[in-house]
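Below you will find one chain, with nothing else, as structure tokens; this is the form predicted alone, and questions on how it binds or moves follow later.
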């Protein structure tokens, strides 16, 4: 009931506002760190809601949901965002040919702005005053989560338990979890740190921290080691429409199943592994191993189709844009004006990127062996050295003369200076 003067109403509203301001939505993976984070936040007076985003990692959600509730979460929100991930994050990156430092196809980096976007949305829908994540203090993901959250809603408080808590080892976290009845199947400790989604898998730490050491066989998770791959390769044909892959071997597929099938096929033939010394945003070098079979196949195919249909100036300029696009994604700047502007540019380049690319997968190699498009700029009559040659060879002489003309005079002046035959005609001293 509410008194005539509204006192109880004002009191209950104040209580509700206090509850909401003490509610935090945690990006929850279901692993040790985030399970402990639920309890750790609860112990400090937070009302914790756990948010799980399915980006194709394939982890068991039932067990994770139950674990979050045991740890103290008042609610667990689960969203399947695989289609959105493929459509709104993977495809734009593929169209841009975004590859960080020549090797990393950005699987983890692409998923973070999506997860953070939904994290903020859940906070709004639930009236929470804060969001939290389980990232460490020297990785890139903390930047990606927090920058995205601040761009989308700078009023939300951001909490990073792993940067703040008292635990100094995995064992201490396990003891804490056990004391609170949180069952996390840790088992034999793997030396590797893993993160995976629809677009790829990252493997780091353990033996990989020695950049001189070859990655051990147990560091392979998805991909068959190339020397163990079948001796007979596989040939695949991918169809693109305006830069988007729409069919595999003449069979039309949605984005998610197409990527899943290419992951399985590429992995079976040892395709899609990269090993690099990576320049992290936070200022350190790290050794990373990535497995991204579908990403490599689609990236190779898309880039090759662009070589066929884009004119030279546009193709070369877009290759420069790809480097910047990859940096923005890697640096957590997905929701920025420059990224939006580059998306608009890339979209205009994809109008003619339709056609088919045929690739051969063999013992770790992914090789384009054929390409075809109704918009292709390849003209056999101009390119051939056979009898069907239509190229005007006589025009070449004049073209070459004009092309090199500006540099002929420059070379003459350099000769005069070096030989001492050049006489200054101004007050400036010439130095050779």
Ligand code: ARG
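Residue numbers count along the first chain shown, from 1. Note that the coordinates shown come from a computational prediction; the quantities given were computed from them, not determined experimentally.
The next section is about a form of this same protein that is not shown, the form predicted in complex with the ligand.
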item	value
Residue (of 354, 202, 274, 299) lying close to the ligand in the model of the complex, criterion heavy atoms within 4.5 Å	202
In the model of the complex, the residue from 193, 319, 235, 340 that sits within 4.5 Å of the ligand by heavy atoms	193
4.5 Å heavy atom contact, residue 292 and the ligand in the model of the complex	no
Close approach of residue 288 to the ligand in the model of the complex, 4.5 Å, heavy atom	yes
Contact of residue 133 with the ligand in the model of the complex (heavy atom, 4.5 Å)	no
Interface membership of residue 145, the ligand in the model of the complex, 4.5 Å heavy atom rule	no
Stretch in contact, per heavy atom within 4.5 angstroms of the ligand in the model of the complex, of 259-267, 171-179, 137-145, 307-315	137-145
Contact check for 109, 278 and 330 against the ligand in the model of the complex, heavy atom at 4.5 Å	yes
